[in-house]
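Next up: just one chain, as structure tokens, the form predicted alone.
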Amino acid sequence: MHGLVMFFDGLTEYMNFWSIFHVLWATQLGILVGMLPGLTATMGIALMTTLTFKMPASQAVLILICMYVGAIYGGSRSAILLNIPGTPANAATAMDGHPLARSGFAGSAIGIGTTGSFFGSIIGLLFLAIFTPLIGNLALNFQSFEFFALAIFGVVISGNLTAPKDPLKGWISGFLGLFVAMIGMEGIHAYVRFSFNSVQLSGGIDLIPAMVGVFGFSEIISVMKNQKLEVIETEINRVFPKPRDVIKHWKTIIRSGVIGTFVGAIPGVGEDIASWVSYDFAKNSSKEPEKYGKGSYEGLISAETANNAAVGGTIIPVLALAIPGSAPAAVLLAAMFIHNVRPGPLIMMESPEFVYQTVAMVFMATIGMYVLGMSMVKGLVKVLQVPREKLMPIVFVLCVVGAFAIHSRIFEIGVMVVFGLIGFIMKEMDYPVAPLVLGIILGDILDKNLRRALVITDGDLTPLVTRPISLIIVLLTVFTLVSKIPLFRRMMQRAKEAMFGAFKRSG
């Protein structure tokens, strides 16, 4: 009840002209960023962070959350109409959205996708309101060993789920990020490491220029390399779905919302994995699985519900543990630190009202997304006809300004360019870049807590496996690593088949 009161207090605080104005333009801009292939939610939030760092924290975070929600939803437009996901989170949306558009149901596909996104976001914010205080209170029991183990687990699980075909590539990417975080003065004794006598490097690699490079500049290089996109003209029919078409899929909406939230809450995994996991669950439990991939409304609504529910899920570990659930959430976390907001285990003691203000922000962004998503559909679709080649010079200018603006150093532009090249090379070699960014964020947490723990225990590592919470995290990490070994997987499969056979015989 106390939380509900604080939520309404937070909502009341944003019921003014300027807050509503920020919600409308930021959500609309987020939808446009998500719609345009080559512009991602992460890039949009990173660039917007650099443009809002002089604003009050409450308004800046509101704008970034609106950009986040809008961009994850906006990617469904190009996925449905062009078969090209506007953001990676909308890849599963294209599976059924585009066949529906080709069949002449583009308007209803957009409408049902928007409705799914709305309900998914509502489910995500409910879990955000319920679980953030619970996890925050649990996290008060975390000490140095627990945070060290959690940082390792975050990198391992992120690499595992963002590179399912070859997890080793994901782990390499994550540990490369950890190495980048070690550059410069360390946080306890201010000893300079890996700077190669460079005064600029002694200050370390700033997160924002690195992220702008990895997600922004690398995309510019990719557009320069790849072919132009062919725009498919399609007629927009009825947009608002019939109530019975939504009620028909209520089980799918609830299941996808829950899956999306929980997958989103896993550090470093994100909305794209949530969307695919939900899509797979929906297909396996569907009465009409043969329609999937050919124009299934159920498949479309499962994907769109999950990726927007994941937004609320990714913010849970941001607020409760100061560990991001996805790449866009990583930028959001960095923005909070820039604005002197300190998320983490102590947030429920120091500023519990901010948690419920964040829930109110997500709620307002959700309302804005639905209103804007259902209106101006025909007009916004014309934006997709703008060639990416004409957008990239604008993006490049924003990348340069964004990298320079935080500390006003030319060196940061160089960092942005270098990480853009690194990100491009990694994408070309099929290495995921999200674990790299997560590694940069978690590197400082890992380094400080490990050395602090070793100082406290006089170099003894045994508390890592004797403290209950730390032991659980270590076991989960080891299981994640071992589960990808072919021999172990074959053994698990045989054990599963033997158990299933025994159960069948006993039945």
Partner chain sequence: MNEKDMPKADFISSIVLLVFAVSVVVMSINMPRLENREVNPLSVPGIVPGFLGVVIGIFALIMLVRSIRQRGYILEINGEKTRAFFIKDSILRAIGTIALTLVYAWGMIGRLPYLLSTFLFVFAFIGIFEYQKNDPPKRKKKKLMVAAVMALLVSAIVTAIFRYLFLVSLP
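These numbers come from a predicted model, not from an experiment. Residue numbers count along the first chain shown, from 1.
There is another form of the same protein, the form predicted in complex with the partner chain; it is not shown, and what comes next is about it.
For Trp171, a non-hydrogen atom is located within 4.5 Å of the partner chain in the model of the complex, even though that partner is not displayed. Taking the partner from elsewhere, Leu476 is found to have every heavy atom lying beyond 4.5 Å of the partner chain in the model of the complex. Looking at Ile220, you'd find a heavy atom of it within 4.5 angstroms of the partner chain in the model of the complex. In the model of the complex, no heavy atom of Ala91 sits within 4.5 Å of the partner chain. Residues of just one listed stretch (409 to 417, 137 to 145, 105 to 113, 291 to 299) have heavy atoms within 4.5 Å of the partner chain in the model of the complex: 409 to 417.
By the 4.5 Å heavy atom rule, the three marked residues Val318, Val359 and Leu471 all fail to count as contacting the partner chain in the model of the complex. For the options Met374, Val341, Val258, Leu176, the one in contact with the partner chain in the model of the complex, meaning a heavy atom within 4.5 Å, is Leu176. This chain appears without its partner; in the model of the complex, the one residue of Leu201, Val401, Val246, Leu126 with a heavy atom within 4.5 Å of the partner chain is Val401.
Residues of 183 to 205 lying near the partner chain in the model of the complex, listed in sequence order, are Glu186, His189, Tyr191, Arg193, Phe194, Phe196, the criterion being any heavy atom within 4.5 Å.
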